[in-house]
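Starting off, we have a lone chain in the form predicted alone, written out as C-alpha cells.
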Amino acid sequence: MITVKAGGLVAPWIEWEKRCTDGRRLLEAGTYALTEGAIAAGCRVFAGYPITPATDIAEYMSKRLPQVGGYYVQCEDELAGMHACAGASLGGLKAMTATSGPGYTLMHDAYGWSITNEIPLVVVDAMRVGPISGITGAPGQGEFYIARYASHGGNFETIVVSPSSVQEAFWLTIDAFNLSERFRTPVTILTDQVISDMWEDLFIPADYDGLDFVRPRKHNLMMPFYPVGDASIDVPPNVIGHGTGVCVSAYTHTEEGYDIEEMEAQWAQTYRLVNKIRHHKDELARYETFGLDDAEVVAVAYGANARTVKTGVLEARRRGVKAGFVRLVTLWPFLDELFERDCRFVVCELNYDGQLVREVQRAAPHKKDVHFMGKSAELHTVSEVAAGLDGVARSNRLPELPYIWTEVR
C-alpha cells in the first residue's frame, strides 16, 4: 500500500485519485458514497437492520448488490446482521454491515467472534446523539471508546477510521476493506449523521474492475490457522472448506484453529491479535495537519466536526493566533506521535463526557495543556473555535461559551 503526503493529508487515496482519470461527478449523499465505495472494493454481501441515519446504506445496498451478483440480507436485528456478515466472509465473500450507536453496541458479541476468528469485514457506524437513541437526526461522537473496546474480554486491538467528507467516505470505505483483508479483522468506519446525510460533490471511477489498488480476496490454503508467535499480516483470510482447519469459536484457538483452554494457546493468540496491529501501526496512520511548524495551540478533531474546526483555526490565524490543526482519520490504533509536541491542545468533539480528549491528555507532554471543547447535537461554529484557541493561547483557559462543555474529570 502506498501512502503519500500532499497538502497535509496522509492517506493512500491521494495516490489513488491520480490513477482515476475517467469517471463521473455526482451530487450525492454520504450514504451513497459509502455504498459505492463498498461495491468498488468488492463487497458482495450486506446484512443488517435499518436504523437512522444509516438506513439509506441498506436501501442503496438492496438495489446495488443484485446488480453486481451480490446478496442483500434483511436481518431481524443488528446482532444477526453482524453474524451473517461474518458467515459470508468465512464463505469467501467480502461483507459489510451498517448501523448507528444503539445498534453498534448490540453487535459486539459478533464483533468479538470476528476478532478472535480473524474474520475480515467492514462495519459502518453512523454516530448520532446519545445516550441510547438520543436525537436521531443530529450528529454525535459517542462511540470513540466503544469502537476501540468492541467486545468483552480484552486482549485485542481494533482498526477504526473516520471520514470528514462525502468524497473521503468513498475512498475510505475501499481503504477499510483493504485493511480488513490485510489484517484479518473487522474494521469500523465511524461516520456521523452529517457525513451520512449531507450531499456533496462526489467523483466515482468509471471502471471498478480496473482499480488496481483494491485488495482481492485470497484464501489461506495451508495450515496453520494463525502463525504462532508471529504478528505477520501476509496471511490470507481463512475460508471454510479451503484448506485451513477452521473451528469458528468464541474460545481461545490453537494454531490449528481449534478451541482450547490452555495458557500457552491464550498467550499465542493474544500475541497475534494485539501485535499484528501494533507492529504495523505505521501502515495504519491516516491524518491531516497544517500550521504545526509554528503552532502554540493546536485544535484537534475528526469527522464532520473537523470541517468547521479547520476553518476556525484559519480564522484564529487571521486574528494573529499561532494555531495549528490535527484531524485524525485513523482513530484506532491511536496516533500518539501526533501529540508529543510541547504546545497547548484544544480537543473539539461532539460529546459532553470527553473521549478523544483523554487520549490526547495521555499522549501529550503536559496534561494541563490539553483542553476540552465538548458540544452535542450540532457542530462547533467557526467563531467558537477561534475564540477558544485565542483564549487558550493568551491565558491557557477556554472562554465560557453557550452549550460548550470545557471540563473533563
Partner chain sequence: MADATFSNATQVLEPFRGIKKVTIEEYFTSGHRTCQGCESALIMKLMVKAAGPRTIVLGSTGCMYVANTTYYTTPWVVPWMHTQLGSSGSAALGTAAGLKALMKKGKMKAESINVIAFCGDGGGADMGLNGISATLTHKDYNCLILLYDNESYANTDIQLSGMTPYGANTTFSPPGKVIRNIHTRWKKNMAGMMAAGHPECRYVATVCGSYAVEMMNKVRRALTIGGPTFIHSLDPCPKGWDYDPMLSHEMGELAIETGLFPLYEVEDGVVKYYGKTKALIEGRKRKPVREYLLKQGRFAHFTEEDLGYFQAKVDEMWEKWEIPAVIPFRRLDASKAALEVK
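Positions refer to the first chain, counted from 1. From a predicted model like this one, the values you see are computed outputs, not experimental measurements.
In what follows, reference is made to the form predicted together with its partner chain, a form of this protein that is not presented.
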Can you check whether E378 is within 4.5 Å of its partner chain in the model of the complex, heavy atom basis?
no
F345: touches its partner chain in the model of the complex, heavy atom cutoff 4.5 angstroms:
no
Wondering, does Y32 line up within 4.5 Å of its partner chain in the model of the complex on heavy atoms?
no
Proximity of A147 to its partner chain in the model of the complex, heavy atoms at 4.5 Å
no
Only one of F290, Y72, Y208, Y251 has a non-hydrogen atom within 4.5 angstroms of its partner chain in the model of the complex; which is it?
Y72
Exactly one residue in I51, L356, V370, V45 has a non-hydrogen atom within 4.5 Å of its partner chain in the model of the complex; which is it?
I51
Candidate spot E59, D77 and I132, all three touching its partner chain in the model of the complex (heavy atom, 4.5 Å):
yes
Tell me which of 150 to 158, 77 to 85, 313 to 321, 171 to 179 has residues with heavy atoms within 4.5 angstroms of its partner chain in the model of the complex?
77 to 85
Any residue of 106 to 125 that, in the model of the complex, places a heavy atom within 4.5 Å of its partner chain
L106
